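In structure tokens, the next block holds one chain alone, the form predicted alone.
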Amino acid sequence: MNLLKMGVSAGWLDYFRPPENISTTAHLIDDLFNFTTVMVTFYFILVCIGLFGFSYLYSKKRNKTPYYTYGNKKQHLIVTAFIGAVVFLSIDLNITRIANNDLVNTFWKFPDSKTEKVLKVEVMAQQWMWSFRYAGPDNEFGTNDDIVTNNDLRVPVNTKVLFHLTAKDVIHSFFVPNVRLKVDTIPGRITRVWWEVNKPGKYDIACAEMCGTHHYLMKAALTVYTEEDFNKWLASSSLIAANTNDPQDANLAWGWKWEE
């Protein structure tokens, strides 16, 4: 059936679609979400069938003499325990199993820069801005040639990007909807997350933790370049940084020594 012929626009349907998947791991989050939705919907339908079915079968019209029960007989308790066990095993236990497998086998397998190509980025969250730091030509963080951007994250396509994140003031949450990943940034602590994006373009970065009165303004842009375009941007930015960075500027000198 052609929904456009029925007057349903593609723009209206977009409200029911998740943001475009641009990473190699986002499908794992989507699969878990879809599994949860299907199972909850299935049991909701069963509950509705039971609710309306028993209301129909045991209505006053079909049962002139009421039967009173408190549901505390042995057979009632057995049925209740059985239903609870089935729901727990089929939904809760499966969600835990799938999520644990994804964490251990994918999300906690951080890329190793010693054996593979990895872009390292330090992230500083503060009210109400995201700051990003790239190591300069010396490949060391916290030096005068570091590249620092505000609310502007740029990464190459088909490259693993490893983030080390912290916060300057309160807890924030680094969230990229198109990658389906979020991680808290906590003052005094370094948290980690990685991804690999596979589609050039421009996407949103948000804060997913209520962090103050202007939390809603804490937005940044993610630009995904081809590798060639990213290298051009990195080279030009390194040159600018080397000529303009001021080690006495607290807004630029917040980096820390990178530890794997």
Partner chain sequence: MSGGYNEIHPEPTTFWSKYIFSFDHKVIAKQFLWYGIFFLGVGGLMALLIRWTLANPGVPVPLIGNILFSGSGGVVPPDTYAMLFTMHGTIMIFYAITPILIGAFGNYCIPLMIGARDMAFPLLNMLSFWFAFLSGAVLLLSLFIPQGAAAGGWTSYPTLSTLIGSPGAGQTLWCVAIFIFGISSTMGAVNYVTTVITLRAPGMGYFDMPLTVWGLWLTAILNAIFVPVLGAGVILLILDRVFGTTFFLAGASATSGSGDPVLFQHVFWIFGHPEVYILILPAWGIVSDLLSFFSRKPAFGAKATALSMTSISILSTLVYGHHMFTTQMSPLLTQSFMTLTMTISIPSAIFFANWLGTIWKGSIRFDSPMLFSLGVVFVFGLGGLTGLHLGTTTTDLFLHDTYFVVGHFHYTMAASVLLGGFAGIYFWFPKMFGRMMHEGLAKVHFWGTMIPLNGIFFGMLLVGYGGMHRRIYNPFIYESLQRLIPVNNLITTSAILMGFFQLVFVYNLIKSLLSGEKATNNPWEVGTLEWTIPSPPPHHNYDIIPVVKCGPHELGNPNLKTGRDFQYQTEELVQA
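Rigid core here is just the name for the largest C-alpha set that superposes within 1.5 Å across the two forms. Residue numbers count along the first chain shown, from 1. Note that the structure is a prediction, hence the values are computed from the model and not measured.
Not on display, but discussed next: the form predicted in complex with its partner chain.
S.K.: Pick from 113, 80, 150, 144: which residue has any heavy atom within 4.5 angstroms of its partner chain in the predicted bound form?
M.R.: Contact residue from the list: 80.
S.K.: Can all three of 34, 212 and 218 be found with a heavy atom no more than 4.5 Å from its partner chain in the predicted bound form?
M.R.: Judged in the predicted bound form, 34, 212 and 218 all sit within 4.5 Å of its partner chain.
S.K.: Taking the partner as it appears in the predicted bound form, which of 97 to 105, 135 to 143, 114 to 122, 150 to 158 has residues with heavy atoms within 4.5 Å of its partner chain?
M.R.: That would be 97 to 105.
S.K.: How about residue 186: is it within 4.5 Å of its partner chain in the predicted bound form, going by heavy atoms?
M.R.: Heavy-atom contact with its partner chain at 4.5 Å: present for residue 186.
S.K.: Tell me, yes or no, whether residue 162 is in contact with its partner chain in the predicted bound form, where a contact means a heavy atom of each within 4.5 Å.
M.R.: Close contact is absent here: in the predicted bound form, residue 162 is far from its partner chain, nothing within 4.5 Å, heavy atoms only.
S.K.: Taking heavy atoms and a 4.5 Å cut-off, does residue 129 contact its partner chain in the predicted bound form?
M.R.: Residue 129 lies outside the contact set for its partner chain.
S.K.: May I ask you to check whether residue 227 falls inside a 4.5 Å heavy atom distance of its partner chain in the predicted bound form?
M.R.: It does not: once its partner chain is placed as it appears in the predicted bound form, residue 227 has no heavy atom within 4.5 Å of it.
S.K.: Suppose contact means any heavy atom within 4.5 Å; which members of 32 to 57 contact its partner chain in the predicted bound form?
M.R.: The stretch 32 to 57, when checked against its partner chain in the predicted bound form, contributes 32, 33, 34, 36, 37, 40, 44, 47, 48, 50, 51, 52, 54, 55 at the 4.5 Å heavy-atom cut-off.
S.K.: Tell me, please, whether between this form and the one not shown the C-alpha of residue 212 is shifted by 2 Å or more, with the rigid core used for superposition.
M.R.: Stays below the 2 Å threshold, so no.
S.K.: Please check if residue 64 moves between this form and the one not shown, taking a CA shift of 2 Å or more relative to the superposed core as movement.
M.R.: Yes, because once the rigid core is superposed, the C-alpha of residue 64 moves 2 Å or more between this form and the one not shown.
S.K.: Please say whether, between this form and the one not shown, the C-alpha of residue 53 moves by 2 Å or more once the core is aligned.
M.R.: True for residue 53: a C-alpha shift of 2 Å or more.
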